[in-house]
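A lone chain, given as structure tokens: the form predicted alone.
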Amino acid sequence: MKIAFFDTKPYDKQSFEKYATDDLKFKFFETKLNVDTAELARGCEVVCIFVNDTADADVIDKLYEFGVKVLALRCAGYNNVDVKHAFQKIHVVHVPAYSPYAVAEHTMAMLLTSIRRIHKAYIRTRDFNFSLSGLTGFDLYGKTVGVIGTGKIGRVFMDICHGFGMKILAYDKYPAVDAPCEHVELDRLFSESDIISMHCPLTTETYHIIDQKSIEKMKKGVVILNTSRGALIDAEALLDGIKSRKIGAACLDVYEEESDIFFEDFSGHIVDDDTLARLISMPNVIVTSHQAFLTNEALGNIAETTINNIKEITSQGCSGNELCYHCGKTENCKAKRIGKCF
């Protein structure tokens, strides 16, 4: 069986190569999957992609024409895949949980870096500037954090916040019954939270869940964190909120238009995205390039789960991590993935 990996980096190869055998052959491509690069998958039974690859209807039709049977995402999110169009053509599997600790810990690391000005202090002391002027932060103890999305990552982040002595408000369409939080409606979360952290998937319902209207409902000086999906936040509205001093700080590991920028080195180039350039130029904004998942433990779990997903689908015809429209839903299959979806 041949597997074509798209948008691969050195750490991807290192994680997956140990699973290669005479019966399991890998082809690694640095290019992203799209309608123009799909031809590279010809002759492969499986295609493995990441968050910024494109698997829309046109791409899926091409892969199906080439005989691809499985589309394996080495990530949790699947908003870049037309799962409905793939039904009865190509099986789609994902990695629902690789390391919630990695993402949750990165979220807290960004928050602490921002509010305690650690990044600014680091730069100063490198120049032997030991002044404390402008480095005053604030305590997390007693502050209210609003968590949007109480899945595995959101719950781990809430546990961390609980350890800091924070009051936790949470919103989720399917509330977690045993989480250390008070479940509230979005309007209350927006109006009462000192810090808001995004941990929900990107769907039609959550697209731009933070926009101009929701920002108007927030406290002055609110800190916004996003380590989930870029399009949860309207970047222009976020920028306006920062410029008007309504938003006190923003920590972004994801960005709405990141697909052609993140994971690449543009240090010697001019980036055409004016919104991203303006966000990065703001003194109260921290941007990391979708690295929250990047720990040894997470990479190992991603590779192991992805390979197991592929083996299950190809040998048994079904997988517990399959995404399809057999029951009219992408997840929460009524058949509990016991039998084949198609």
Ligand code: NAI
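Owing to the predicted nature of the structure, the values given are computational and were not obtained by experimental measurement. Residue numbers here begin at 1 and follow the sequence given.
Below, we turn to the form predicted in complex with the named molecule, even though it does not appear here.
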Worksheet item: Is residue 254 close enough to touch the named molecule in the model of the complex, meaning at least one heavy atom pair within 4.5 Å?
Response: yes
Fill in: Contact flag, residue 149 vs the named molecule in the model of the complex, heavy atom cut 4.5 Å
yes
Worksheet item: Heavy atom to heavy atom, is residue 174 within 4.5 Å of the named molecule in the model of the complex?
Response: yes
Fill in: Contact flag, residue 193 vs the named molecule in the model of the complex, heavy atom cut 4.5 Å
no
Fill in: Which of 149 to 157, 216 to 224, 126 to 134, 236 to 244 sits within 4.5 Å of the named molecule in the model of the complex, heavy atom basis
149 to 157
Worksheet item: Which residue among 307, 292, 285, 299 has a heavy atom within 4.5 angstroms of the named molecule in the model of the complex?
Response: 292
Worksheet item: Within 4.5 Å of the named molecule in the model of the complex, heavy atoms considered, which of 249, 166, 200, 72?
Response: 200
Worksheet item: Though the partner is not shown here, which residues of 85 to 104 have a heavy atom within 4.5 Å of the named molecule in the model of the complex?
Response: 96, 98, 103
